[in-house]
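Consider the single chain below, provided in C-alpha cells and representing the form predicted on its own.
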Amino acid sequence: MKAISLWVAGLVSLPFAAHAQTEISWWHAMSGANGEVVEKIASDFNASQSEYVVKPVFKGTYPETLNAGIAAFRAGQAPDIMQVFDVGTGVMMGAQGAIKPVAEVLTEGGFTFDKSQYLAGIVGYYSSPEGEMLSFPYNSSSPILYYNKDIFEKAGLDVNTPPKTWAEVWAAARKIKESGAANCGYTSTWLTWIHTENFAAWNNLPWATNENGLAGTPELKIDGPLFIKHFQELADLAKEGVFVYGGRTSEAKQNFTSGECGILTESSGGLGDIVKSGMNYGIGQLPYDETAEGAPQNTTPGGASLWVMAGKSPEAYKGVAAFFNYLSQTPVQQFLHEQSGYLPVTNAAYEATKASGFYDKNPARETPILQMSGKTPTENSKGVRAPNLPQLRDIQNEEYEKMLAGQQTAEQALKNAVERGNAAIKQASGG
C-alpha cells in the first residue's frame, strides 16, 4: 500500500512539476556555427536548473529579426528576449514602453549588478546617456581581416604577413586576381558597418556631428575626402573584377569560404563558419588608411545585444534575470568567445582566456579586443547613434550599389547618401 501511495503521489505531482517551469522565448538571428552556439548555451542553462526553460527561435537576418520583433510587439505577441543588432540600438532606445532595461531586470531578479565587470567599450554602447545599461551585450564583435593562406601562397604573397593598410589590401587583391590564384582578390561583408562606420572610427574621422549622434541629433559627414578616396578605390577594384560585392549584410562570407576570393573583411563573429569551412586561413587587424592622422584609432562594437521586452510576467522576468546571470559567468563567456569569435563581454572572461594560454596558441584571436580597447575612444570613435540607423544603412547601400554598378562616382554616391540620410534623420527626429 505504501508503494502504491508513493506511486499515486508521484503521478499527482507530475503536472505540477511540469507546470512550475517558466518558458522564456528568445528570438535571435544566429545561423550556421553561431546558431549552434546559441542552442548549446540555452540547452546548458536549461540543464543547470529546473525553474526555467529558454527556447531559442531563429528569426532570420539581423534586419529581419528586428522587423519581426517590432511587428510582434505591435500585435501584443513580443518574445521575452529579442536579439537586436547594434544598428537597432537607437530604434530600441526610442521605443518607449516596449522594453524593460536589463539593469532593472537583473536587480529586480535578485542579482548584484555591477556594470564595471563588463568591457567598458561594450557596456557604454548599450547604455542610456545617464549610464543605465539597457540591453545585455550578448555577442559583441569587431571587424577584422581574414585571408586564405593557400591563395596567398599561390599568388606569391607572404602567408604570415596580412596586409595592414587599405593600399596593401588593394595591392594584394590585384596580385591574387592577376596571378590567377583566385577569381576574386577581395570581398567584404557590411559596407556600411565596416567601410563607413568603422572606417570613420578606425581612422579617427567624424561619421556625423554631435559625437556621431551620441550627444544629440546627428548630421552625416561621410562625404569627406578620405571617404571619397576610399570608396572610389573600391569602385575601381569592382570595375577590374578584383573586388566582388556579395550583399548588404554577411553574404560575402560565402565568397570567401568557397575559395572564390582570397581576402575578406568581416565581423570577428564570422570566425565559426570560416573554421567550419576547413580552409587554411589567417587573421589580421582591420586595415586603415595610412594617410589618416593618428590611425589606427579604435574600432566600435558590432554584433548584437539582448533586449528584454515590456509587459511580461514577474516569473518571466525572474527567468530572464537568471539566464543573463548565467550568460555572465566566466566559463560561459569563454565558451562563447572561443567558439564564435565574438568578444568576451566581461573583464573576468577576457582575463581567464588570457590566463588559459588561448591567445598564446591563437594570437590573432585577441586582435578584435585589442582593436576596440587599445586606445581611449575619441569623439569620432565611441560608436554611432541615430533614431533611424537601419534606414540610413539602407540609403547608403542603395547609393553604394549604384556606384559599384558603374552608374555613379563615389563622390556622387556619398553626396547622395549624406543628403538623403540627413533628410531622413530630420524626419525621424520630428524636424
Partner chain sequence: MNRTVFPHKLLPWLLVTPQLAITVIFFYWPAAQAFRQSMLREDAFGLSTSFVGFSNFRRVLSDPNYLNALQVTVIFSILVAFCAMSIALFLAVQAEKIVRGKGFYRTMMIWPYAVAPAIAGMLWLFMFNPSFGTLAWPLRQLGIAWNPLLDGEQAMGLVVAASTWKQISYNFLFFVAGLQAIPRSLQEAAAVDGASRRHAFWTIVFPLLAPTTFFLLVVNTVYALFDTFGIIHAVTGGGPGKSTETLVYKVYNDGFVNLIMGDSAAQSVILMVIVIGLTAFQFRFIERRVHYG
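For the two forms, the rigid core is made up of the largest set of C-alpha atoms that agree within 1.5 Å on superposition. Residue numbers count along the first chain shown, from 1. Values in this document were obtained by computation on a predicted structure and should not be read as measured data.
There is also a form predicted in complex with the partner chain; it is not shown, and the following applies to it.
- Though the partner is left out of this view, E36 does not reach within 4.5 Å of the partner chain in the predicted complex, counting heavy atoms only.
- Although the partner is absent from this view, S340 stays clear of the partner chain in the predicted complex, with no non-hydrogen atom inside 4.5 angstroms.
- When the partner chain is considered in the predicted complex, S250 lies well away from it, no heavy atom lying within 4.5 Å.
- In the predicted complex, the partner chain sits within 4.5 Å of a heavy atom of R74.
- Out of the listed residues G97, G110, G278, G294, G97 is the one that sits within 4.5 Å of the partner chain in the predicted complex by at least one heavy atom.
- Of the candidates M309, A322, I194, A200, M309 is the one whose heavy atoms come within 4.5 Å of the partner chain in the predicted complex; the others do not.
- The candidate spot formed by A29, G213 and G303 lies out of contact with the partner chain in the predicted complex, as no residue has a heavy atom within 4.5 Å of it.
- With the partner left out here, the partner chain still marks one of 149-157, 87-95, 279-287, 314-322 in the predicted complex; by a 4.5 Å heavy atom cut-off that stretch is 87-95.
- Relative to the superposed rigid core, T367 undergoes a CA displacement smaller than 2 Å between this form and the one not shown.
- After superposing the rigid core, the C-alpha of L145 moves by less than 2 Å between this form and the one not shown.
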